[in-house]
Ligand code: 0X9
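Listed next as structure tokens is one chain, alone, in the form predicted on its own.
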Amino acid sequence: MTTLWIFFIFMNMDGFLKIAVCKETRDQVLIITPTTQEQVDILKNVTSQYETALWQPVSPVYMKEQAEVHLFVPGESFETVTSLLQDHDITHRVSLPNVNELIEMQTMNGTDPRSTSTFYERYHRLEDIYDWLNRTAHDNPRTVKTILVGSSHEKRPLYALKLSFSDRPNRKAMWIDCGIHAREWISPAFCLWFVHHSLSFYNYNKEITDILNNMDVYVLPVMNPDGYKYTWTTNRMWRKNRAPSHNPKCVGVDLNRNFDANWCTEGALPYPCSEIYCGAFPESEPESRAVADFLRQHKDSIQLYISIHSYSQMLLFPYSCTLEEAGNHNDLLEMVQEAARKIRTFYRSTYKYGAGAKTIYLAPGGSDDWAYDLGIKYSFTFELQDRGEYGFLLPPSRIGNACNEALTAVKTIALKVMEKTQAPKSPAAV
């Protein structure tokens, strides 16, 4: 009889396991809309008391009535969080029920460093990006140079590529940085895409050829390598760098609140546990200090600064740290307006545009504001796809479209900058 019971249990084990799996609650993303200040306060408490990750807005300080909140909720907290929302009649729905599958999709084949036709339509581990940097410079010795800008808190190198298609002295330049926030994987993917497009279509595409004939381009694919590495190994939702603080439970500084542009005023916080922690002082972090030092050294040649982020589909310019308008506000507005128009025409995607503080919210200590105050008067932040459907978990199948939209904006704005800054040609002699 005992033998029969063992046989019965063994034969039905597969069914037992399937039932257990079905009952398991997976990580999910909720879209929540608080309608009263009381609901806003409850939601702020939920995000601080439970293991969740705010996607939008980035911090509870930005929550307000009638504004959507996108909240990542791990499986172990899901029932508790949703019960609390229901108890207080807070409107919510599941936006992404399959977070784990999306993450698996993003990391699939991510370790393959070989250059293939689909290489640029996948996300890649930090080590593979380093390998790509070295191979790109090695394969294009006349036009591409690797530059060590600095190193991270955990001593990982900050490598940039310099694309230069002319030996003419005193050439002007543009700077593009990606991956300042670790979880925004589409951002480093764009930096790789941009370099690949530039090298592949020089002399074939008129726009990129005109840009590269007139400007050098610096591209930093991963400004926050420690955080980016951490998103691949430990916590996909990590945002900040990995610098420890006096509180052992709170790690990391928001590098885009760490620059000296109205540093740590409204829109940033001095608390190490916050996602918008500004750091101990401006440029306290080796990553932001390295970029700032490089830009200071090259401020006379760099005319255009672009920082790539996600998500929300926005083309932003200074200021984000104050509601005051930049001196050349109208020029900057004209550029992003034209870029958004072209994206809508070519790809049918809508991008909001404008000064950061008025378009989103106050966000002091940002790299674009700091670069603008340094003297780089054409300074921008791009927020790539999407508008919340997948958020930070944009599937690999969307990389190409997202990068082409951003590429359209970069080329449109770079050509406008050239048009406004090139010295007028001397009239021909008669």
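Numbering starts at 1 and follows the sequence shown. All of these numbers come straight from a predicted model, not from anything done at the bench.
Note that the form predicted together with N~2~-sulfamoyl-L-arginine isn't included here; everything after this is about it.
- Only one of 196-204, 344-352, 150-158, 252-260 lies within 4.5 Å of N~2~-sulfamoyl-L-arginine in the predicted complex by heavy atoms, and it is 252-260.
- Residue in contact with N~2~-sulfamoyl-L-arginine in the predicted complex (any heavy atom within 4.5 Å), chosen from N241, S288, S187, S320: S320.
- Of the residues Q106, S274, S310, T231, just one reaches N~2~-sulfamoyl-L-arginine in the predicted complex with a heavy atom at 4.5 Å or closer; this is S310.
- Interface membership of V222, defined by any non-hydrogen atom within 4.5 Å of N~2~-sulfamoyl-L-arginine in the predicted complex, is ruled out.
- At a distance threshold of 4.5 angstroms between non-hydrogen atoms, A363 is in contact with N~2~-sulfamoyl-L-arginine in the predicted complex.
- By the criterion of a heavy atom within 4.5 Å, D386 is excluded from the residues contacting N~2~-sulfamoyl-L-arginine in the predicted complex.
- Interface membership of R236, defined by any non-hydrogen atom within 4.5 Å of N~2~-sulfamoyl-L-arginine in the predicted complex, is ruled out.
- Every member of the trio H181, L316 and T381 reaches N~2~-sulfamoyl-L-arginine in the predicted complex with some non-hydrogen atom inside 4.5 Å.
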